[in-house]
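First, one chain by itself: the form predicted on its own, in structure tokens.
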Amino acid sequence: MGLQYRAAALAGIVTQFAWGFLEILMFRAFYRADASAFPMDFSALSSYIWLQQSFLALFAAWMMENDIMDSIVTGNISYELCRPISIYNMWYTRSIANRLARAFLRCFPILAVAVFIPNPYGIAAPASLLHFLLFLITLILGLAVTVSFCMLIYVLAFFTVSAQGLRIVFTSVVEFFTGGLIPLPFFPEKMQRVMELLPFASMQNVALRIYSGSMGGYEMKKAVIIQVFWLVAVTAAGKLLCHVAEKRIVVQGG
């Protein structure tokens, strides 16, 4: 279904190109003042930004499915509960498919153009073949962690009258702590160490930094282990909470 919206994908590509250029030009102004004060090479930062824009649909926490939220609020969730399948597994699979469809329509044009943008403003080649392979692995793990976290928000909506406030608070927190607004290496060192242990850093931060080569061998190994841990932990918490919600849910009306 998501692959049908090509006009929306085209509009998204234009928006992400504009946003990517604005970010790069903004950071360029800071780098020209004192490049030695920043923890990432400007070329690596440009690669980070273009990858972030290319795969925005995979990691954007605000890209939730309104149909799921609406079904909980309106009571249409009762139809889902009648089916002999796990609603958690169904929503999880549906969310991944939706994000992959959006990313598929957007990422290739952005990457194709970013490759030909002159250095240091375009996307550079990965630091090594190992970095590229780890990038693909952590990209998949990051997508899975992002969807698992969004599933928590869906399930928590069972316990609220309106999920709007819940959605705004969680997505604002996620955007900040994932490095979606400012890459994590730009934060103070002590704060960065704490942020890297949180589940949010296991979303887009790890994959994008591995590709750009701003992580060492030990850091990469540690980051992948943390990703796997949070994927298991957040998914287990979501499944348990969903089981509790299904036992307590009451649908009123005809």
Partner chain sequence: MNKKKSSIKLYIHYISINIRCMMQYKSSFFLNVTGQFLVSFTVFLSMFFMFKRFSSVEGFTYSEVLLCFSTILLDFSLAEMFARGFDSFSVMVRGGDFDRILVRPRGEIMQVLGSKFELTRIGRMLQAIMMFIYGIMASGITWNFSGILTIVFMIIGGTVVFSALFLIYASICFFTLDGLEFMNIFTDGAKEFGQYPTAIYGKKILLFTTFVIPYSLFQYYPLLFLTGRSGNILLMFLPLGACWFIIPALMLWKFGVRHYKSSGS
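Positions refer to the first chain, counted from 1. Note that this is a predicted model, so its numbers are computed, not measured.
Omitted here: the form predicted together with the partner chain. The next part is about that form.
- Taking a 4.5 Å heavy atom cutoff to the partner chain in the predicted complex, the contact residue among 113, 73, 90, 133 is 73.
- Between the options 121, 104, 176, 158, the residue in contact with the partner chain in the predicted complex by a heavy atom within 4.5 angstroms is 176.
- The three residues 109, 126 and 224 each lack any heavy atom within 4.5 Å of the partner chain in the predicted complex.
- Not displayed here, the partner chain is kept clear of residue 67 by more than 4.5 Å at the level of heavy atoms in the predicted complex.
- Interface membership of residue 193, defined by any non-hydrogen atom within 4.5 Å of the partner chain in the predicted complex, is ruled out.
- Remark: residue 172 counts among the residues lining the partner chain in the predicted complex, judged by a heavy atom distance of 4.5 Å or less.
- For the chain shown alone, residue 12 is a contact residue for the partner chain in the predicted complex, at least one non-hydrogen atom being within 4.5 angstroms.
- Although the partner chain is not shown here, in the predicted complex the stretch 177 to 192 places heavy atoms of 181, 182, 185, 186, 187, 188, 191 within 4.5 Å of it, in sequence order.
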